[in-house]
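Here we start with a single chain on its own, the form predicted on its own, put down as structure tokens.
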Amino acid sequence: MRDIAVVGFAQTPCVRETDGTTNGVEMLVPIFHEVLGSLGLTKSDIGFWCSGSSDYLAGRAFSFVSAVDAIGAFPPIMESHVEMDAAWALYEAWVKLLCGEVDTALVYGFGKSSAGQLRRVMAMQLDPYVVTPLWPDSVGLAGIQARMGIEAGLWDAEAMASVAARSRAAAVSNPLAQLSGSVEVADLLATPYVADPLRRHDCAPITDGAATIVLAAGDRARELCERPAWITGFEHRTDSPSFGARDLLTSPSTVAAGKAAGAEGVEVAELHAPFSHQEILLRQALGLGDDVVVNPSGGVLAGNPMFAAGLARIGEAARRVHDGSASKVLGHATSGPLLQQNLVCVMEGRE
């Protein structure tokens, strides 16, 4: 099997609202220039392009086609798209490289959540016959899951607030974070509920943003990056979309993906947990102990660009290999309601 690595990563600042259009072009052009420039590449050097976004979020059909304008009309490209977080576009690009069809790929994801009512838009991913017509919003559903965990003794409000406080403290060193700063757990617990037992700090903020990753194979990766983040395990699994058919206090798909990807022994993990209690659940599912540094970037509680946040988790994890601060890292992404589908990417540095 070919050796494939993450060699480049860039993302926009996470902001509450941008002035650009929902097709993402204004967000994508700068980060394309950044990531290609950092590697000394041009668009002609990329063998495959793949993106992740959502027409529902953009409010129009085939919005990703407009996003291709950020690449340009020339030279001709080989391109694909997934209607979900771009972490799954990264998986498609990884398979493309494994097959030997290309040696390089650029993957990107983008989302302008501020353009609509995100809590209602997310209801469109639910069962279209018996659930979506009830319009249960994403925060309310997460509140049910959080309450179930509290009642089962798996976590409490203080543990959830501790996750949020640590996230914002870690984000101080991340200039692209939307939320950062030192906060006391007691102060967070004094704030009002938004969906009992969830408070505002328990929920990822509404964010506009984009992210991109460059993959390269074999010697090409070694040429482009002094310390590539070699992908040693890349797996995704899914659970039932029916809430009544699965235990919301466990995540079998995360457990399975983590085991298949070889998550044991990671030093850093970037987890895609849009709600504070979900980070606790994911840590349990992946068997991450206290010795593992979780979300040193601040995670999505510090900035959550839809359909780019999962890709960014992999990019942030890869950065720890690039800068030599870690040897084995994990990037996680989730899609669907309440951690329904989960992806795990394990990367390692080699001397």
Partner chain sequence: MTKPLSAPLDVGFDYTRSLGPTLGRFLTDLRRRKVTGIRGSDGRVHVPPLEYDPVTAERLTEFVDVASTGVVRGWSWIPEPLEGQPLDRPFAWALIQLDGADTSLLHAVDAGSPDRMSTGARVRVRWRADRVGAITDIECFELSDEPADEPVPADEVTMVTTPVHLHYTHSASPTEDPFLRGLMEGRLIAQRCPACSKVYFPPRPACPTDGVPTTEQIELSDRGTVTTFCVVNVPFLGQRIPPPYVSAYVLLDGADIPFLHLLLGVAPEDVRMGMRVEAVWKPREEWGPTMQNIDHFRPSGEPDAPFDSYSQHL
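Positions refer to the first chain, counted from 1. Because the structure is a prediction, the values reported are computed rather than measured.
Form predicted together with the partner chain: not shown, discussed below.
- Residues of just one listed stretch (79-87, 268-276, 97-105, 124-132) have heavy atoms within 4.5 Å of the partner chain in the predicted complex: 124-132.
- Proximity to the partner chain in the predicted complex, defined as a heavy atom within 4.5 Å, singles out one entry of 220, 119, 236, 259, which is 119.
- Among residues of the shown chain, residue 11 is not one whose heavy atoms approach the partner chain to within 4.5 Å in the predicted complex.
- The partner chain is not drawn, but in the predicted complex it has a heavy atom within 4.5 Å of residue 22.
- Contact annotation for residue 59: at least one heavy atom lies within 4.5 Å of the partner chain in the predicted complex.
- Interface membership of residue 112, defined by any non-hydrogen atom within 4.5 Å of the partner chain in the predicted complex, is confirmed.
- Applying a 4.5 Å heavy atom cutoff to the partner chain in the predicted complex picks out 43 as the lone residue from 30-53.
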